[in-house]
Ligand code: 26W
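First, one chain by itself in structure tokens, the form predicted on its own.
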Amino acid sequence: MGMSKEASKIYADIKGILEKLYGKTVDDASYKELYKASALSVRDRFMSTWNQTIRGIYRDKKKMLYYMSAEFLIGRSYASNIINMGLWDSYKEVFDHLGVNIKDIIPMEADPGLGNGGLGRLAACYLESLTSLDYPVMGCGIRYEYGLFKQKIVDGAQYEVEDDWLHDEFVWEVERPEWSFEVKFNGEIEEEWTEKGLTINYKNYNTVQAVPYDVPIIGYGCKHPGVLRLWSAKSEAGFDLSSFNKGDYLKAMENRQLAEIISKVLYPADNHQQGKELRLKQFYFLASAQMQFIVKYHKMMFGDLHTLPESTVVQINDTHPTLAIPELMRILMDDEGYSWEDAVEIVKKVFNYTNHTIMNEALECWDERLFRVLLPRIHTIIVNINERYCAKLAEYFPDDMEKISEMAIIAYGQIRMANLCIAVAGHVNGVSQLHGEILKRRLFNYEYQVFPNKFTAITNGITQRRWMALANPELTELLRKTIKGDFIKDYRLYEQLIPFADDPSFRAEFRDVKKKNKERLSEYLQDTQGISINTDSIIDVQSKRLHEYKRQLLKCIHILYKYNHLLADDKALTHPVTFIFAAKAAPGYHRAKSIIRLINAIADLVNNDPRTKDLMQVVFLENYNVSSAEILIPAADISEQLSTAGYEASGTGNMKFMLNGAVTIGTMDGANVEMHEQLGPDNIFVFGATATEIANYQRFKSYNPGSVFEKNVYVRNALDRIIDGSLPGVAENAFSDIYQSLLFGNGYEVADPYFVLYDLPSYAEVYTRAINLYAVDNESWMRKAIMNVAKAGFFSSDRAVEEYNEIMWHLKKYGEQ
């Protein structure tokens, strides 16, 4: 049977590309070659549209959003682009004609190593939503050559190896050398007063060339692709032939390597001076390159930089890109001749800031001595901003230097990025309603008293295109038969599912979809790690960055808790459960890496004990990334969202699980609070202390984990297993640091700072209730799962970016006047 007209054209395109690129036919091409040829055929289809979009921005003088982020965890683009362009069926038809499963072609694309966790995935979702909604947007990040790292688990421990994701070319990127800029570090600043005012002379500096690579962002059904601009560091020094000819080969390459290391790795370890310096260089490199581009672009379009706020809005995604603020000040004053007052007036109208954490370690601060040496001109600008800012604060808090010092940008030898954002940005956003309140009432309370109108809260969101249409095709197909309208475009249509939660036949179809997704996950684990799982078991997943406040440790101890119960009573677990962890620990975060080792030691204990292995299985999914998340999340029955209340700003993994029909067990933290509001108490399992309770315990220092340990024999026995020598393959004292930290603290930290033991009894009780419901009344469980999908629409990133646009950005869609 012949192919459709569209598929025939695609087939011809792929055939022609294979012949030109590899000198091969469709019959003798490898999967990798078929991927590249078909990806290039996709790219060819939008390149002319993309170029027209860029020209249209020039012509129509549209206001552009620049979304600046250190991370963009975009995932593979191939399948996403095909789906969003409405070509999935045609490309599948082509591969069916070739006798190839298109699902075997998709993994030929490398996952771009451009992010780590929720921050980068959120940025990617927002770019896709903005483009799907037809808003002009450019994401701005760094082209990390080796990403974060590839995680290898060897003897239960994490090892980091390079993630060389660019080794075989990134099909989607386009180099734009004509938009390269020089970024300067070190050197000396000389101030010279003339009749025209202050002139800044910058000399003896080192330079790095910032070269942009543009990646198209294809929105769903959109006619105007967006842009992700990634900056790569190149040396201006070139190759030192003189040193090479003298036999000093290392010196011949030294200058180039020192410059280009800036864009090699995401988040280099900063537990040493060189790492701190490299991180600061990275963030200034991004800020300087992007601000130079924005100014040059605006001058080319409009000429007058006074109108910059009318054409440009910059969203700072967390504190990493904050140096864009003083860098734009520098350009306006030093390069364009603006006065301080005029420059400040422009800058204040351009920038907005999204805060993503209350953790002090993540509220970036830079040592002022390092900063002054590396960025001397930026340092003087920040000093001046700080002086004026503190003078203004003194009007509100006269003679209260303690409060002013807490709010100051520079204090105690530190330069504080969050405080700089608050001082200058037009809006300061929290990423859930609870987080917004914590910013106003606790973290930045004094600032809120001074600038109440700056603070807002827009809850995060995820794109249903990737996390439903791409990640869960079986469920997508079921919903297409059930929901009237294009729910992939319109997130509000998911609520049509509500009455189907009470339909036994729909619940049966929904259950079948979940089973197929479990089988797909099982195949993936077997292929990648040689692990076989029980697809009839409850799939219980905790997948997120490994950090103590996210409390993977709570789940570890709970598994030991259940293990002990099973040894005493073989009916203590009413249904088999597969516990799956997926997480990377930062290379320098030793406690987090120890927790990974503990997870795998528990797996060795539970999975190999004949008394428990048929009821409990523990799996650590290696090298968690976007692609594996797309397989893992649709298979989950239980979504573990265990963060200490008041610590998780929002979360987005919780939303992805919800959209795919997993039922949440979680604290009232971050967006879990709003999930509870949307779902009602019957469709989510809530446990643990509230954010207010946690804050009060911390304030009065009244929490004593030892009392929980002494009063609850089950907690005590579970915790003792960490150090009693019963965990196989590890020394008896291997986890004594974890044990010590929970019960007694470790010198500088209080005991159990994240309230693991405090919340464990509550968690265990709620968990047992959840498992028993699944086992005894599975129809009720499926009803809850369907209600989670039905109510997930609110957490679409489409809704979130529309709120941002209404409050902060004020963008016009293409074609809108």
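What you are looking at is a predicted structure, and each value in this text was computed from that prediction instead of being measured. The first residue of the sequence shown is number 1, and the count goes up from there.
The same protein also exists as the form predicted together with the ligand; that form is not shown, yet it is the one meant from here on.
Colleague: Within 4.5 Å of the ligand in the predicted complex, heavy atoms considered, which of Q464, S129, S650, N472?
Modeller: In short, S650.
Colleague: Name the single residue among R279, R591, R511, H298 that comes within 4.5 Å of the ligand in the predicted complex, judging by heavy atoms.
Modeller: Residue within 4.5 Å of the partner: R279.
Colleague: Only one of 555-563, 208-216, 447-455, 266-274 gets a heavy atom within 4.5 Å of the ligand in the predicted complex; which is it?
Modeller: It is the stretch 266-274.
Colleague: So in the predicted complex, is the ligand close enough to T312 to count as touching (4.5 Å, heavy atoms)?
Modeller: Although the ligand is absent here, T312 would stay clear of it in the predicted complex, with no heavy atoms inside 4.5 Å.
Colleague: Is there a heavy atom of N660 no more than 4.5 Å from a heavy atom of the ligand in the predicted complex?
Modeller: N660 lies outside the contact set for the ligand.
Colleague: Decide whether K584 counts as a contact residue for the ligand in the predicted complex under a heavy atom distance cut-off of 4.5 Å.
Modeller: Heavy-atom contact with the ligand at 4.5 Å: absent for K584.
Colleague: If you check in the predicted complex, is T612 within 4.5 Å of the ligand, heavy atoms only?
Modeller: The answer is no: T612 has no heavy atom within 4.5 Å of the ligand.
Colleague: Using the arrangement in the predicted complex, list in sequence order the residues of 295-331 with any heavy atom within 4.5 angstroms of the ligand.
Modeller: Counting only heavy atoms within 4.5 Å of the ligand in the predicted complex, the contacting residues of 295-331 are D318, H320.
Colleague: Check N271 against S543 at the C-alpha atoms and report closer or farther in the predicted complex, compared with the shown form; the change is 3 Å or more.
Modeller: Nearer in the predicted complex, by 3 Å or more.
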